[in-house]
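Shown next as structure tokens: one chain only, the form predicted alone.
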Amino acid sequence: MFIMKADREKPAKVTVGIPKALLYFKYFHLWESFFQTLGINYIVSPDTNKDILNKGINYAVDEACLSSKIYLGHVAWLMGKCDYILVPRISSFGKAGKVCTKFYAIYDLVMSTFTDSDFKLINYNIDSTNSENERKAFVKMGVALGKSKSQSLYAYIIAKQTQKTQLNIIKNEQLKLLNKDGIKILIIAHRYTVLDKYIGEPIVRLLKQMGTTPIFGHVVDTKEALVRSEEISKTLPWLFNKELIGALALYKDKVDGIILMTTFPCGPDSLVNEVVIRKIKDKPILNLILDGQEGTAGLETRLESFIDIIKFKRSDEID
């Protein structure tokens, strides 16, 4: 189940490759700490660049979202540089919600895409509907890598503590930003979009250059966000989107404007963004669809116009 296209012998020392895309930006503290504690070498693919994007585009079908194309590019970069490539499969978190189909199809997608390559994958599976929780999944993955159940469980506990500590640091940093003077812009976007060096970071950098303070919707207490998400939608099925609209409910009165940042053509995001635009009437909203095209001139113009609108609104409120 866990190791594909590989013999059953487990090498004494292996290297796991981690694609720097999709769920990496949510779980990298967890993954890296887990492998470190187990004494397993790992490498992470580099920041997304033009070459990685083009590789992903070449491997992907045209209908795939930009984020999935980027992921395939990172997998391609790791080929031949490690013993196994980590491709987790996540389907359901139970009552909290499901995730976009790409997260529980990505393992099979990678397997069917690179059919001509001699590669080995390792994964873990989270599916609450089948009693497959995160802890059990990580213990199975550790065993598949040649470690004992007790070693794997210990490594998972340490990794969860590391992840929690790092998330608390990030949340505290954002609280300080919320208390700053000046224009604050809430960015509602998945981590793998806004934190990607090639597609998301240039927008964050432009906002800072324009004298505004970006606030990130993904930096939020998950439990609180899920509760607050019902203020905007009570029926949304996708967990990660519920977290984001919950953050919107939490932060919208503390910011001056909202940017919805989506990779084309994301189905869940397109629906959720439409809901947000229809329901949030008291804040300027900019809907950005990223398609991977080069150049930021068009984006820069749209951002400048958006910031100008916010400045005019602020001046009217002062008057």
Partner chain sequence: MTDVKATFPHLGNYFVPLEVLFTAGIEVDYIVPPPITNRTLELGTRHSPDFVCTPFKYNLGNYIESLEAGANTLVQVGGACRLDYYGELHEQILRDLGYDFRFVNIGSTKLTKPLTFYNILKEINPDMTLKNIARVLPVVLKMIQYIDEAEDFIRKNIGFERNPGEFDHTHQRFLLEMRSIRSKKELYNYYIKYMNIFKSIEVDKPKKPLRVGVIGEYYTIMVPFSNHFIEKELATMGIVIDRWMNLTNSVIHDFRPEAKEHIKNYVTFDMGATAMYTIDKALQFAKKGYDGIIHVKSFGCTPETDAIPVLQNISSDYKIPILYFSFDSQTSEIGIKTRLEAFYDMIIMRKEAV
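Owing to the predicted nature of the structure, the values given are computational and were not obtained by experimental measurement. Positions refer to the first chain, counted from 1.
Heads up, the form predicted in complex with its partner chain isn't pictured, but that's what we're talking about next.
Undergrad: Find the only residue in Ser152, Thr212, Gln163, Asn125 having a heavy atom within 4.5 Å of its partner chain in the predicted complex.
TA: Contact residue from the list: Asn125.
Undergrad: Between Leu145, Cys100, Ala137, Leu86, only one gets a heavy atom within 4.5 angstroms of its partner chain in the predicted complex; which residue is that?
TA: Flagged contact: Cys100.
Undergrad: Looking at its partner chain in the predicted complex, do all three of Tyr27, Ser33 and Leu38 come within 4.5 Å of it through at least one heavy atom?
TA: Verified in the predicted complex; spot residues all out of contact, no.
Undergrad: Would you classify Leu286 as touching its partner chain in the predicted complex, given a 4.5 Å non-hydrogen atom cut-off?
TA: Output for Leu286 is no: heavy atoms all beyond 4.5 Å of its partner chain.
Undergrad: Can you tell me whether Ala105 touches its partner chain? I mean in the predicted complex, with a 4.5 angstroms heavy atom cut-off.
TA: Result yes; Ala105 sits at the interface with its partner chain in the predicted complex.
Undergrad: Quick check on Lys81: any heavy atom within 4.5 Å of its partner chain in the predicted complex?
TA: No, Lys81 sits far enough from its partner chain in the predicted complex that none of its heavy atoms falls within 4.5 Å.
Undergrad: Find out whether any non-hydrogen atom of Pro46 is located within 4.5 angstroms of its partner chain in the predicted complex, and reply yes or no.
TA: No, Pro46 is distant from the partner.
Undergrad: If contact means a heavy atom within 4.5 Å, which one of 214 to 222, 92 to 100, 168 to 176, 188 to 196 is the stretch that engages its partner chain in the predicted complex?
TA: Looking at the other structure, the answer is 92 to 100.
Undergrad: Within 178 to 210, which residues come within 4.5 Å of its partner chain in the predicted complex, counting heavy atoms only?
TA: Read in sequence order, no residue approaches its partner chain (within 4.5 Å, in the predicted complex).
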